[in-house]
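Shown here is one chain on its own, the form predicted alone, set out as structure tokens.
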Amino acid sequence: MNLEWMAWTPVTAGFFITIISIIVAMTVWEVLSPSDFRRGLLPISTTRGDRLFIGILINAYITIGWIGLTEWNLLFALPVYICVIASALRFG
């Protein structure tokens, strides 16, 4: 498989490995302990997987804003990402 068209840096590889690991972990958790729909801060009924997806989307928008509005390294956004995902999963 020829992947020379993409710049596979360690950061890029780490990103994809992290996302795949999270999806695999959530799949195993869902198989072992199926979730019910519930309403939280979001105005819709969601499952764990829905809240994870919404949290990942919010983090994508935060990343776009971070890159567009600041000159700071993305590693400084990591605590923000973790808080957003944790909040979406817990309270969403």
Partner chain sequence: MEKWQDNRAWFLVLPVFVIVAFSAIIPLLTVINYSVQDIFGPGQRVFVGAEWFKEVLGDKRLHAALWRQFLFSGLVLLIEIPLGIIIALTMPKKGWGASASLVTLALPLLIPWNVIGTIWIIFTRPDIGLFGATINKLGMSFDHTASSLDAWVTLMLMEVWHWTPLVALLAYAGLRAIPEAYYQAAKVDGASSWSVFRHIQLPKMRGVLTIAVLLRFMDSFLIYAEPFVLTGGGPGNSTTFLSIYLVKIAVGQFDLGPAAAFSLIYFLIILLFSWLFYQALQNAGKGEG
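Only a predicted model underlies this, so the values are computations on that prediction, with no experimental measurement involved. Numbering follows the first chain given and starts at 1.
Beyond what is shown, the protein has a form predicted in complex with its partner chain; the following relates to that form.
- No residue of the trio I23, Y81 and L89 has any heavy atom within 4.5 Å of its partner chain in the model of the complex.
- Interface residue remark: L74 is counted as part of the site for its partner chain in the model of the complex, having a heavy atom within 4.5 Å.
- Not displayed here, its partner chain is approached by T70 to within 4.5 Å at the level of heavy atoms in the model of the complex.
- Within this chain, I64 lines the site of its partner chain in the model of the complex, having a heavy atom no more than 4.5 Å away.
- When its partner chain is considered in the model of the complex, L32 lies well away from it, no heavy atom lying within 4.5 Å.
- Within 4.5 angstroms of its partner chain in the model of the complex, the stretch 41 to 60 places a non-hydrogen atom from each of I44, F53, I54, L57, A60, taken in sequence order.
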